[in-house]
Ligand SMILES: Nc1ncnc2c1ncn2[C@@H]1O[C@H](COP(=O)(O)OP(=O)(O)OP(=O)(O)O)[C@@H](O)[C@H]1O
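Coming up is one lone chain in structure tokens, specifically the form predicted on its own.
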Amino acid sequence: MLKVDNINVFYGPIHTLRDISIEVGAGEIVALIGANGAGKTTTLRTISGLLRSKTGSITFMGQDISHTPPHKLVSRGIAHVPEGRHIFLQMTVQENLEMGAYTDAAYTKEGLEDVYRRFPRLMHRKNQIAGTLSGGEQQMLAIGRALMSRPKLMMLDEPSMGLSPILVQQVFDIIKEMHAAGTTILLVEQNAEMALEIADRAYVLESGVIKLSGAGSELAQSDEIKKAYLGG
């Protein structure tokens, strides 16, 4: 479904991503793990068209999207839930969700019904100002807003950040449910243990370079991964 081939990304003079190549097959959960500053968020932002690579290519469903504007990528079926959620704080829950369907307004009613079915807490707060929601509710809203575009590929950047252990588990349950419903997932996550538990495959980034890749279950048993990321 997604192929990132030999991308190099710079922030000014800083070489942030070096020769990154990853693949995400249809129906997979693929995780990107690594320490802060490893390049995980930059990778997602480059796929989303928010940053540009100096080299290589990015293809989605067999088409080159390397120079496609972000809003057109949404129409093609890529949704990006950014780190920090970035919901519209002064708008209501329902207004945030409606913004998620801007590429297909005809789907709004059906989309709202689907999101409220998945997230009953949002239904009960649909007229509440989004900025007054708890952190967990805001993360649910950010995911729900992305679902309103009916994505084929959902990219999630640190969805568990800042949440309590109970809410982290709920977020991972939501990811598994979306996957079971047919959505392909590219997951950036610092909680390496939980990410590897649900991932079909994973890539380990370190200082802008892919150091390891393999099946999630295999990487979870790797001594190197255990020592660096799992506290083993």
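In case it trips you up, residue 1 is the first one in the sequence shown, and so on. Quick caveat, the model's predicted, so the values are computed rather than measured.
Another form exists, predicted in complex with the named molecule; not displayed. Remarks below refer to it.
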Next on the checklist: Under a 4.5 angstroms heavy atom criterion, identify the one residue in Thr184, Gln170, Asn191, Thr42 near the named molecule in the predicted bound form.
Outcome noted: Thr42
Checklist entry - in the predicted bound form, which of the listed residues (Ala38, Ile174, Leu163, Ile58) lies with a heavy atom within 4.5 Å of the named molecule? => result Ala38
Next on the checklist: Heavy atoms within 4.5 Å of the named molecule in the predicted bound form: which stretch in 193-201, 28-36, 175-183, 60-68 meets that?
Outcome noted: 28-36
Item to check | Any non-hydrogen atom of Asp114 within 4.5 angstroms of the named molecule in the predicted bound form | outcome: no
Item to check | 4.5 Å heavy atom contact, Glu95 to the named molecule in the predicted bound form | outcome: no
Checklist entry - Just to confirm, Glu137 within 4.5 Å of the named molecule in the predicted bound form by heavy atoms? => result no
Item to check | Residue contact check: Glu83 to the named molecule in the predicted bound form, 4.5 Å heavy atom | outcome: yes
Checklist entry - Looking at the named molecule in the predicted bound form, which residues in 10-33 have at least one heavy atom within 4.5 Å of it? => result Tyr11, Thr16
